[in-house]
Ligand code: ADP
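For reference, the chain that follows is the form predicted alone, supplied as structure tokens.
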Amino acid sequence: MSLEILNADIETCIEPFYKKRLSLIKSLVGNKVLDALLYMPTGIIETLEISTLSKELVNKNIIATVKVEFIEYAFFSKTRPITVTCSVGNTQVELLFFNYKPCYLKGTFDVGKIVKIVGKLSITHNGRYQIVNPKKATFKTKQGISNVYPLRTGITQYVVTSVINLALTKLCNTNITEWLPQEILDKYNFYSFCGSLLAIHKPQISNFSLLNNVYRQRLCFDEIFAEQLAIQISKAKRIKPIHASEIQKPSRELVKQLITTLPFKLTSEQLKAYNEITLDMSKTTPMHRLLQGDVGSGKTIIAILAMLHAIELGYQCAILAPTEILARQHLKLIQKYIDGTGVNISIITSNEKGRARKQILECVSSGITKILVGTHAIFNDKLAFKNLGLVVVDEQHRFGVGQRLALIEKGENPHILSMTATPIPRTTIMSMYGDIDTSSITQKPIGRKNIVTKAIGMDRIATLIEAIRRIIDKGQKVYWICPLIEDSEKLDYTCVIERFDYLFKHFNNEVDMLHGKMSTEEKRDVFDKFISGKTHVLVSTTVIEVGIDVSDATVIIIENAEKFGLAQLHQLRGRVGRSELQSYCMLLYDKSCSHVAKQRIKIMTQTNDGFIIAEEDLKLRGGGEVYGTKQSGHKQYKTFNITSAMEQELINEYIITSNRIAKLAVQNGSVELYENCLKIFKPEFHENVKLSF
């Protein structure tokens, strides 16, 4: 049935005398009636109307009629409260008013007056009853259980509750049919969608948690299911079958030539990943595979082999990198391996301009260029491929879905190979990609040693100078990572400029500095000097976090390590250990940091396994995003707050279950049965996508 009533403007739920606050209400709650219904409370409060005070009422919200006996003003202090001594029956209670001017209390709390108040009762160490900043009760103040909603300046709890109550009235006038299968309702003891909303916004029991009750779980399942259904619909609409007659058999000459000339032997997991990729590319539907491997595990060589395989099938290839430094490093590495094969490779970034850029575009459109390496410049509308057959997306979490699809649309059903150096748990993969096929490389290349990781207090920073000198004398290189570029009054982390000045006093021209505020040319110059050995110590921000490969860099020092997340620490550590030389990671941290920060540092010193680190990260971070530029937390839901590992496990189970139902709905052509769910939880998707296939 149509949900027009719930899609109406929220103005229809606002009482006339609150209309002037319409913009404030919309900025807080949302624009539609449905937004108000999905605006979740953060707690509940039980208010009791009492006639006598007792210790059983301490820490509870009470409505009490008091008689004012004495007022003590704090005329000569800005911090002391105004104290109003009152009586409730035969028991005294102190009302403390902080940040109140005496004129505000005159007339209401004059001596001898009887006033009805509401507030939270507390008790002092000497047994006196107190209420801090009580409010005068009005006709709206009633005994019972009520929700506590997030607020903003100018909007009170009463206003939000009033809007939601009117929205609930409209909800009861809709006839929303159940979309979840009965087996799911029975399995999780779920209530109906409407029943769950009513139970959340009209709580009847004071001793249940609003953050994890069964009503919130029902809505969370709906939210996850709508997301999974959207993913499966998008996947089905994007993938058009390739006719069997279009599939060719490659000669494999280029692949054999590269494998025989490699200076190392591929690991069994690398070969397995390559075979999985080529098998996908021989099927009648385009490949969509995620290649995940720990830092330094050898994903890039597998991507190169996959591109040569595609070229032998008659296709062009594109490899997308998040930064120019990484793109140029890919170019250099690919050129090194395919030298002598006759395969033409080009690069396009924001720095390719004029005649050079025009020539690159012509080579790509004519098919001369077989491999194009690029940054965001590759999305340019003027760039057209002759026959794009394989898209490799490196560090895929740095790109939005829209950007990845924009590149895919430059070809006719191209195969997609995404790569990430941040290992992802299975349930997270399903949440983000809808059961994407994955290949994992957990083995390190033969001869590589585990990086020795040590945690050192910031007070021992001077002891590292002699150790750095010994490393330099061996002809090896050192990274020193700081979290800020310039000094900050609010954040006391050591900045790059300050640390560079400190190290320059010890190592002179052997130390250099790299940060995000530099121009591309400046970054390239600094990095080239570091690679060539003109400098041996590089003080940097996290701009070197991804993809930088300097084989003789054997030490990385991460300052203020407690300020970084586990995934980022692991990525940074992966900048060393890129050869057979023993490498070290030194974590400098403030010993007064939080318990969670110490746990992160402890995990880093105990394991080099990125898959273990990913799982531990999942446990530590609770709610938020798993991957993305923030690199903190897991996915957030409108209707559910993840506060424990147990709740995260519940979410993981919902992801797996909803993924299965969504996949069956698309396969069976029964997507329209779930249309209301999409309209409610994925309205922007429903508006832009036709459900029929």
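Model, not experiment: these values are computed from the prediction. In case it trips you up, residue 1 is the first one in the sequence shown, and so on.
What comes next is about the form predicted together with the named molecule, which does not appear here.
Note on the partner interface in the predicted complex: the residue among Thr300, Asn560, Gln217, Thr535 having a heavy atom within 4.5 angstroms of the named molecule is Thr300. When the named molecule is considered in the predicted complex, only one residue from Tyr158, Phe98, Tyr104, Phe264 comes within 4.5 Å through any heavy atom, namely Phe264. Among heavy atoms of Glu223, none comes within 4.5 Å of the named molecule in the predicted complex. Using a 4.5 angstroms limit between non-hydrogen atoms, Gly119 is distant from the named molecule in the predicted complex. Contact annotation for Pro286: none of its heavy atoms lies within 4.5 Å of the named molecule in the predicted complex.
Taking the partner from elsewhere, Ser583 is found to have every heavy atom lying beyond 4.5 Å of the named molecule in the predicted complex.
With the partner left out here, the named molecule still marks one of 136-144, 307-315, 288-296, 368-376 in the predicted complex; by a 4.5 Å heavy atom cut-off that stretch is 288-296. Residues of 444-463 placing a heavy atom within 4.5 Å of the named molecule in the predicted complex, in sequence order: Pro445, Arg448.
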